[in-house]
Ligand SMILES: C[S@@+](CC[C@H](N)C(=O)[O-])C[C@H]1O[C@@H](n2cnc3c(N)ncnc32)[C@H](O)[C@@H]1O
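So this first bit is one chain, no partners, the form predicted on its own, shown in structure tokens.
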Amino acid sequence: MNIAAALKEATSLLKDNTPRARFEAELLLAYHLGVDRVYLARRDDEEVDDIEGYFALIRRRAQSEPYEYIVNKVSFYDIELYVDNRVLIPRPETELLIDEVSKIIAQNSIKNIAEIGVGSGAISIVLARAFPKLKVVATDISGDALEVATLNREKFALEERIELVNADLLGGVEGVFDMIVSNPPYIANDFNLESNVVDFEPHGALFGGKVGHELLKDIIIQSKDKNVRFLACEMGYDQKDIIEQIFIQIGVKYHRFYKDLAGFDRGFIVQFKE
């Protein structure tokens, strides 16, 4: 089967699962052949090597498996990361968290931070690359996630600046930190997610408890107990009121919420002390 025929059939197989059926068919064929998409248009009469291998990829996508898990990579911020189904796929919304954190690091000459729930390593790696003097301790309760984070840390040669620790939040982690950063699970356990998310991505990285904000509350309290200056977290769009009540209850020096590009509340910055 040549490229033109393969793309036509693949597009038909994908049309009920994605609005970008032709585009994703091309992306997966380019990945399969190890070429770019421009090559496909120029050589559309060329026979496809291992055509069954290509359609195996298409069938995975047709069953709603995320594209990023099929090709084991994701573009995030200014880097490309390895991902598989042991970790959550980094979302564009989390790039906003990095922007907020970067401002605080730059304005306050922060040198030591901790990340809770490192996952693929996306946040820690982007920040370490942006701030060459920054030291990071990054934790995750999932040993599987830490294996993926280790691969990405090595890819960017950051072994000396990012320490990876298997821990529940910051339990048992020693050290003094100027700031804590986290994109924790914050979805309620009974929330209905799309199949491409709930059937493939790790539930431990998605669901935050019965009402969703339980882990966020624990992180806020633990951050204050750790005597850090700043905490920055991503959160659910509907959690602003309950999070604000936590700030009032425990007492913080300053807090503010930030919105995502759609105008929804997406995260918060807390200052506990000068």
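Every value quoted in this text rests on a predicted model; they were computed, and no experiment measured them. Numbering starts at 1 and follows the sequence shown.
From this point on, the text means the form predicted in complex with this ligand, which you will not see here.
Within 4.5 Å of this ligand in the predicted complex, a heavy atom is found for every one of 168, 204 and 215. Of the residues given (196, 150, 142, 112), 142 alone sits with a heavy atom within 4.5 Å of this ligand in the predicted complex.
In summary, among the residues 116, 164, 105, 127, the only one with a non-hydrogen atom within 4.5 Å of this ligand in the predicted complex is 116. Of the heavy atoms in residue 88, some are within 4.5 Å of this ligand in the predicted complex. Contact with this ligand in the predicted complex, defined as any heavy atom within 4.5 Å, is confined among 188 to 196, 172 to 180, 154 to 162, 134 to 142 to 134 to 142.
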